[in-house]
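Presented as C-alpha cells, the chain that follows is alone, the form predicted alone.
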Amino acid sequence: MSFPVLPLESDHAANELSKKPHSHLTTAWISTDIRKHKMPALLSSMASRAAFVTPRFLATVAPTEPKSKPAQDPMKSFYRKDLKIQKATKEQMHTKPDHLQVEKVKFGHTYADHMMTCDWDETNGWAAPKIEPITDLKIHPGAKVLHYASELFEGMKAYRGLDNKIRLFRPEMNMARMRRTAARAALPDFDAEEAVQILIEMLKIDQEWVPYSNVCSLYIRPTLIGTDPTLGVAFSKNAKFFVITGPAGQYYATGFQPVKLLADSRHIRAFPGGVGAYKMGCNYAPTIWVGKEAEKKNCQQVLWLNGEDEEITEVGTMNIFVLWKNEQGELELVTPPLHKGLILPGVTRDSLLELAREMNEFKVSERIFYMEDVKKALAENRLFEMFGCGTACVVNPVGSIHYHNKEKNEYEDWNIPTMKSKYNVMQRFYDTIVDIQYGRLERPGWTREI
C-alpha cells in the first residue's frame, strides 16, 4: 500500500512562501504563521505521507506531478489506459428529466446511466477501472465499511455552459483531498490525474445527463470504501473505488434564502486530533440528529462551535465567512483557519479566499474567532455579512442565529444583516464563481473542459 508523499517545507521556507503573491493576484498571499500554530500531533506524524505542506496549503493543493511520470504500477494507482467501457443498452438507460423538470430534481434521487468502479486488493493492487451501467454493488455483510465506517467520498459538479461546453470546476483539488483522506482512513492511494481523466471519459458517455441549464448541474460522487470481508478493527485488505453521478436542480429557485442557525456548544462536530479535516462519512452521520434538533427550533443549519470559548468552525456542511469591521477598525473578511484540523478544507473556501485577495478591498484573514466576537460586533453594528460556502450552493447567507447562552442556560436570537450589506461581497462571490463554472468568465487553471 502506498501513500501520497510531498516534502514538508521548513518554517523559514513556509514563511518566505507566504510572503510571495500568486503570479496572477494583485495582492499579497497571506498565510498562517506555522511557528505560532503547531500542527496537531496526529497530522504532524502523517505529514510525510499525506501531502501537508504549509497551513495555507493544508488539504487544498494537489500534489505536484513530476515532469516525467514513472512507469505505471497497479500497486500505486489505476490508469486511464486500462479503462474498460461497457455502455448501457437502450433497455438499461433511464429517462432523463427535461429542461423544465431538471430545475425541480431533488438532490441525490436521480442517477445517470453509468458508474465507474475499480477494485483493489493488498496483493495485486488496483484492477482495471470500468465504466458500466449503474447497478447495485455486491458486498459481503462482513465488509469493514459496514461495521467500522471505512469510507470516504468527494462532491463535485459538471456544468454545461451557454457555449454548450461541459466543464469541471477545479477537479484536481477534490482528487487531492480524496487522496489525503484515503491516507488518513488507511485506504489505498491512487493517481489524482488518472482519476480526473477517467471522470472525463465517464462524462463524455453520460454528457446528455449534464443539464442544458445555466442554473443546474450534474453532481459527481467519487467514493472509496473498505470491502475486506472480515470483522475486526484493522486495515482493510480490499477496497472499491466507485463514482456515481446525477442531475442537481437549482439550489436557489427564488433567490437567496437566508438561513437561521442553531448555535449550541453542547453539540460538537470535530475536535483537535480528530478527522474534521477529512471528507469521511463518519463526520456526517453524528450530525444528523443535531440537524433534526435544529429543525425543531425552526433552524435550517447548525453553527458548529468548539471548546469552552465557543470557537466558530463550520456551518452545517459548509465553511463559514464573516465580513466585519474588526476591533482595529479594519474592514476584514475572516474565516476559521485550517491548522487545527477542525474544518474541511473546501474547494469553494479556497476559491473565495483567492478571489477576496484579488479584490484588494479589505483585509483577508484565516484566523480563530469566537461567538463572543460575533456578539460584540453585532452590538457595535460592525458585522455586515455572514455566509456559508460549499459545492452545493456556492454561498448561503445567514440571516439569524439561535444561540444557546450556556451561562444563563437559555436561547437568544441574534439577527445578522447579511442581506442588507452595502458591501455585497457574498453576492459578488456567487456571481463570479458561477460565471466561471458556466464558462461566462474565463479563469485559467480553474476549469477542465470535457
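Throughout, we count residues from 1 along the sequence that is shown. Predicted, not measured: the structure shown is a model, and the values here were computed from it.
Another form, the form predicted in complex with a further copy of the same chain, is not on view; read the next lines as being about it.
Proximity of K340 to a further copy of the same chain in the predicted bound form: non-hydrogen atoms within 4.5 Å are absent; the residue sits far from the partner. Although the partner is absent from this view, V233 contacts a further copy of the same chain in the predicted bound form, with a non-hydrogen atom inside 4.5 angstroms. Proximity of T317 to a further copy of the same chain in the predicted bound form falls within the 4.5 Å heavy atom cutoff.
A residue is said to contact a partner when one of its heavy atoms sits within 4.5 Å of a partner heavy atom; H147 meets this definition for a further copy of the same chain in the predicted bound form. Of the residues F369, Y79, F153, F256, just one reaches a further copy of the same chain in the predicted bound form with a heavy atom at 4.5 Å or closer; this is F153. Of the residues given (R167, R177, R269, R349), R269 alone sits with a heavy atom within 4.5 Å of a further copy of the same chain in the predicted bound form. Contact check at 4.5 Å (heavy atoms) against a further copy of the same chain in the predicted bound form: none of Y212, G399 and D431 pass. Of the candidate stretches 330 to 338, 358 to 366, 80 to 88, 289 to 297, only 289 to 297 contains residues with a heavy atom within 4.5 Å of a further copy of the same chain in the predicted bound form.
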